[in-house]
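Consider the single chain below, provided in structure tokens and representing the form predicted alone.
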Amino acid sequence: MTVGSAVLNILVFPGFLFLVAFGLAGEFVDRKLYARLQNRQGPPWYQPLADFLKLLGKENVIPEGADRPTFRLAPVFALAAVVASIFYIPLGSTTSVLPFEGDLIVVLYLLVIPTVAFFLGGWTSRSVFATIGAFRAITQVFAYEIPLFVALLAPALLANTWSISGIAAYYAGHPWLWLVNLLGFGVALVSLLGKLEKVPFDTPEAETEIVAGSFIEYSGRRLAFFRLAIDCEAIVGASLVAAVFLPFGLGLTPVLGILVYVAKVLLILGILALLRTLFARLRIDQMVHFCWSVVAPIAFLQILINLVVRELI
């Protein structure tokens, strides 16, 4: 890879600019579809961008008594981790920009960092509401993260590789095997709702209880970076689920491959919006109990199924 192509990948595609644009577009699709499912009008197409630009122009306020370095850097680390993870996920093909054996583990690790940044940002702000939201956010990690890991590792066991590109290539060559991973696909979608702190797992940012959770003391561009990190994380999470569980439209021309990839990501965002519409918010204890008593066993059942199928084929 030349220096020019590396810079292009980092800044344009599939890097920062592409992820930001797709993240804002994905937020619009999510909010619009969520509103229409509730018989509301929803925002105009430019609303996510307008909100982001408005926050960039507002004053940055640091609360008295806060740990200033951590408070300032938490949004940057959250956004940087999400952007870094996109380079290991194949978009519209069977090969990512930086594939290697074990990149699935790296992506899962990178996608934990934003939640840790949310926790540190809320905890170091020294606000009561922010501290409650921060501890709720970190508590949810122990509920949804294990089922998500197991659900994504099950297809890897069948493909006999820990590379996302390798998994995509294997299932592209054996397309019927995607049916074997349907349980894992469902677990991944539910876990992704928890990771994005969406209804019914939005207790860390329960507006009627703790206003804005971990972000209550944030303003200006720092809040904009946090919001942008969440939008980009939704795209990266949907891209990861699409690459592992929906091996369709791979091996096409680059343009067609990207179009199919965008369609799959929007489909996953649409399913998440539908799930948000169908369910009411769970308490934090209900969320943890649901993940460990229902979601996690299903994820481990997917592991067992894939081990049996691997022996049979």
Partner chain sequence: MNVARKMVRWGQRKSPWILHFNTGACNACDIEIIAALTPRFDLERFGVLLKGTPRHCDIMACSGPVTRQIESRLVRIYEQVPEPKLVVAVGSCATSGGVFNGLYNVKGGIDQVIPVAAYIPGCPASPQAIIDGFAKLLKTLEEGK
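Numbering follows the first chain given and starts at 1. Here the structure is a predicted model, which is why all the values come from computation and not from measurement.
Same protein, other form: the form predicted in complex with the partner chain, not shown, and the subject of what follows.
| the partner chain in the predicted complex: contacted by all of P43, Y46 and L55, heavy atom 4.5 Å | Yes: P43, Y46 and L55 each sit within 4.5 Å of the partner chain in the predicted complex.
| request: Answer for S219 alone: is it within 4.5 Å of the partner chain in the predicted complex, judged on heavy atom distances? | output: Close contact exists here: in the predicted complex, S219 approaches the partner chain to within 4.5 Å, heavy atoms only.
| message | A212 versus the partner chain, in the predicted complex: is there a non-hydrogen atom within 4.5 Å? | response | So A212 counts as contacting the partner chain.
| Is R31 close enough to touch the partner chain in the predicted complex, meaning at least one heavy atom pair within 4.5 Å? | Looking in the predicted complex, residue contacts with the partner chain include R31, since a heavy atom lies within 4.5 Å.
| query | Quick one: does L110 come within 4.5 Å of the partner chain in the predicted complex, counting heavy atoms only? | reply | Outside the cut-off, so no.
| request: Given that the partner is absent here, state which listed stretch (242-250, 47-55, 281-289, 262-270) has heavy atoms within 4.5 Å of the partner chain in the predicted complex. | output: After filtering at 4.5 Å, what remains is 47-55.
| Selected contact from L120, A143, L223, V83, since only one has a non-hydrogen atom within 4.5 angstroms of the partner chain in the predicted complex | Checked against the cut-off, the match is L223.
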